[in-house]
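Okay, so here's just one chain, in structure tokens, the form predicted alone.
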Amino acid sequence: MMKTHQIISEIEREHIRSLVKKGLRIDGRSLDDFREIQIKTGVVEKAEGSAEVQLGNTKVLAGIKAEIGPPFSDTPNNAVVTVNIEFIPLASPLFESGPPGEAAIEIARVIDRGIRETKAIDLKSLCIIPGDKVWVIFVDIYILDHDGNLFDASSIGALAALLTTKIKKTNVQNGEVELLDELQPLSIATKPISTTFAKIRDELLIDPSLIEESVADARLTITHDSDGNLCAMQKGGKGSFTLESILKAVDIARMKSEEIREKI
């Protein structure tokens, strides 16, 4: 579980708002600057794929596990992809022990939607016995340090982990599945990247830090595929966005997603 925001004073809020009005930010970035992104892959030996991502002071760990199981009844020839997020209480005083709260569920859904809507994974190629046995891909993300923008850090981590994932080849005889020792990479058709904005007063800030999220009136997360196609959007917070600001955010997100994609 996670509390909504850290508590900051009204003086701090007004300071951040006044800086934003001038096109400045408390950490020295411009409004359309991401924090530094660091990516390490292959960090969990027993996972099929893994990555650790640091976005500023936000750090996440993504791991991929693959098992053979039944498909969903409405997609009998497709593999199954499941995204889970865990907020580790040691990562932030805002995190509490217990089952996943609304914030964790929302982030998982945004990442899941990005993978599905972009058709990033060739799900049909992971079908072993139609209607009976398919690969089930678990994308597990752990928040290690929280300093804002868990959406994009988790999105980058999930993609980087999937790109390093290798699963065993299979052989089917008489309805039985044999796992072979030979590994094959997961087939990734496109690379979905989410880009998140915070709205403070009438300004849009990309990659908000935790303190900026505490001041924000609203949040907008936009996902593009490798071809620059807009695939998903998620709005959060009580504030609203004008059509003009949404179109502006989409253009910036498309450009920034290309830059991030080159780092993965």
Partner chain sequence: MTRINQNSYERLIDENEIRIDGRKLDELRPINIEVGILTNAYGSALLHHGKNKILAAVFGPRELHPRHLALPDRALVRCEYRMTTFSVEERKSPAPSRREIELSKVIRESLEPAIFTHLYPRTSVDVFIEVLQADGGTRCDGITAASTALADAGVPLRDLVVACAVGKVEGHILLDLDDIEDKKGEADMPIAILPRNKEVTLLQMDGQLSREEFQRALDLAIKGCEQIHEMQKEALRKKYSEIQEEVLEELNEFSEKEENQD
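Residue numbers count along the first chain shown, from 1. Fair warning: this is a prediction, and the values are worked out from it, not measured in the lab.
There is another form of the same protein, the form predicted in complex with the partner chain; it is not shown, and what comes next is about it.
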Here the chain appears without its partner; judged in the model of the complex, the stretch of 120 to 128, 141 to 149, 76 to 84, 165 to 173 with heavy atoms within 4.5 Å of the partner chain is 76 to 84
* Is Q234 close enough to the partner chain in the model of the complex to count, meaning some heavy atom within 4.5 Å? -> yes
**Prompt:** Taking heavy atoms only, is D251 within 4.5 angstroms of the partner chain in the model of the complex?
**Reply:** yes
- Query: Any chance A103 has a heavy atom within 4.5 Å of the partner chain in the model of the complex?
  - Reply: yes
Is there a heavy atom of I26 lying 4.5 Å or less from a heavy atom of the partner chain in the model of the complex?
-> no
Margin query: Check for me whether the partner chain, as it appears in the model of the complex, comes within 4.5 angstroms of all of V44, A47 and V177 - heavy atoms only.
Written below: no
Across 235 to 250, the residues having a non-hydrogen atom within 4.5 Å of the partner chain in the model of the complex turn out to be K235, G236, G237, K238, G239, S240, F241, T242, L243, I246, L247, V250
